[in-house]
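Look below for two forms of one protein chain, each set out as structure tokens: first structure 1, then structure 2.
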Structure 1
């Protein structure tokens, strides 16, 4: 089965815009220009007036602000703020200049509003055409109140989904498009483009993919480490959590509730507290190195380089992530283990299978089948696992002073440093886009090729 399926229309209807243009009367065709006219002409006055009001509000907005926002979008502004000396007041006054960030934001918002208006326009044309067809066929045409009542029954999904979609588009889609646009500008502290900036096309992508430059070499090293980290952080937690879950759930284990309580108790401690404590303990003069010195295991003037050597730091963050994450994995896999049918184990024992064969033929395939979506989500979360790295190592150690990333920096922590600390917003936007592409493609391909998707009736 391919990744992409043939598109299926989930809302089939004979009342389309194309049919309205081809078969609708004069009133329907006029509703292409005057929204709601088709409804007004066919006993849906209140509904038609509401559509007309929406069109008027959009036109007023475009005349007063919208066209100006769209006109400024290609240039992103060019007028700088000026400092002018006022002889009368004997002070400097500042003239109003352009702000490219606001111009870009308002321009993107206007484009999205226009697309939303096109969608509403299509809906009004289809609504007017439907009213005309129903009246022509002698069928009942809903009044405004009857349409409102359908929101509590057959159209309840429209009532409940509309607020959610509004927030998604306003708080997720709009910022996402804004960030994508930013990747094609020179919005950065470099060249003093924090107020006024321009479109630069694919220059930021070229700079990031140029392995001969500092930025490009940093990107590739951070990308490789991010994937290595995500792999080990995901599967070490999964393997150790599975081992603990199997040991606790085996028939011969006593006081299973006590062992589970011990691991649940560790989950009650906020992870950031645990990480900050571990960070303090593993410093050159932290509790661990002091204890090792007092025990004579290391020299009095030396210390284990937990966060000062690149390799040690990478191993340290992976090991501590196991300590922090295994209890959560244990609890999740415990539920999976308890749902495996006992008849499978009994049949395997009757056939003479040993413990290793039972695990490899029943337990492991079942757990992988059920937890594949969980593994994909965990891998994705670990690629963006900001807390572990930032709170534990802070991305250190930094071995190349010209680089903007440390040895343990992930893409997400590097992005944070580039935007918050360095104010390289354009490069940060490019990294955000690449991270999204890597995660989306990886998760989609992995899941569509997993047994959880291909063989839902496997167990």
Structure 2
């Protein structure tokens, strides 16, 4: 399968935490408690003091805020906001109650900070042990300035990756963990849990998988439609784009640049604009229906039910996605097509292959080989394709008034409706997790088995 490969350490080092504890001596073992001590005792004073400062900062933070945040995490707070009559001022005063959202957020942040601290701690122990070993062996121990200089060379990846990693952890990873936690709480408008909420374990998952409830049946129908949509959206675009690219690229076609320009023109309009335009054009009194009426193809007072009939709506979004997506596919596949070695075609022609054979034996296998990662990316992109549904149909038409999703709602737009419109944060988070699981299983298996992952170094 190739998913479970034996782990090989490509970067072996003798300076590990284990080795430091085993034969580091008193000073290294002491620096397990006082970070940076090992460095300070072995000529790396500035570095050691920096480590020590980090440790002190962490302890101060934990004492002032951190322990409180962690202690509140299991209960998520229970003090309600209360009105107290103030006799002297003759007014009601509100006492500060607990806010579970903030408790959860700060709690998760503290946990992440603690993990980061553990990582830094391992680093300091290793660094102290390394300094000690080098000194014992009589080798050169880097001074602080020399350490800073390594940031320009051996350690340039630290310099270049740190800012971006900080942002990713703060604005992508932390929010995601926070949202995942929400899936196990009852944070929602139901039962008025918007300020104070509790852990409920897997109850939300149970509610969603219970197909006899409204939520459950909505989930299954939305899931099926999401997969159908992603499949059709990906492959209609791919096939149509490929046909178009081949047709424009073939020898007999004149004015290749002009045709490409016509299609690419629609990329130039931002997608939210063109989708909003499409939406207004397809309304019952929109431009398309007016045009059809003027031409006498439909009766003067009737209209085609683009977004009012569930089946029509589904077909409409898929067709419009072709309009939106094909130019991009065309651009990308044109590049790939032009990369196919022409000798292959010449050899095939000499052997007497016809156009269809050339396509099925050379063009298609080559394209599939090169574009498999792209296809996977497009498929996941389409499962998560929020814009097209939200701006085009908004999930309409709503057939079942008791359900929270319309008939063109994808999992993501449903997630949006549940969190932003309805404030069912917990159910929204569960749907996010399930979307992720569906995508991850599919993508991981295909991606790790694809050649571009295995042969990455072979390029």
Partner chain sequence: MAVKKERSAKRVRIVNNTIVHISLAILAVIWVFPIAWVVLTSFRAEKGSYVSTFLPQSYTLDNYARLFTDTTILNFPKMFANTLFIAICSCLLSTFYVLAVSYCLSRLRFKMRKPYMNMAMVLGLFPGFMSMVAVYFILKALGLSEGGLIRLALVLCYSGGAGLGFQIAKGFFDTIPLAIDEAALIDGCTRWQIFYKITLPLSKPVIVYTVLTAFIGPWVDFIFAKVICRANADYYTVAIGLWRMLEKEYIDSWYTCFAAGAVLISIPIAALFLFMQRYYVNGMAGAVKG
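Under this definition, the rigid core comprises the largest set of C-alpha atoms superposing within 1.5 Å between the forms. Residue numbers count along the first chain shown, from 1. Just so it is clear, the structure is predicted and the values come from calculations on it, not from any experiment.
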Open item on the list: Quick check on the two chains I just loaded: which one is the form predicted on its own, 1 or 2?
Closed with: 1
Open item on the list: Once you overlay the rigid core, does the Cα of residue 201 travel 2 Å or further between the two structures?
Closed with: no
Open item on the list: Relative to the superposed rigid core, does residue 314 relocate between the two structures - that is, does its Cα move 2 Å or more?
Closed with: no
Open item on the list: On a rigid core superposition, would residue 289 pass a 2 Å threshold for CA movement between the two structures?
Closed with: yes
Task: Core-aligned Cα shift of residue 302 between the two structures, given in Å - done: 2.9
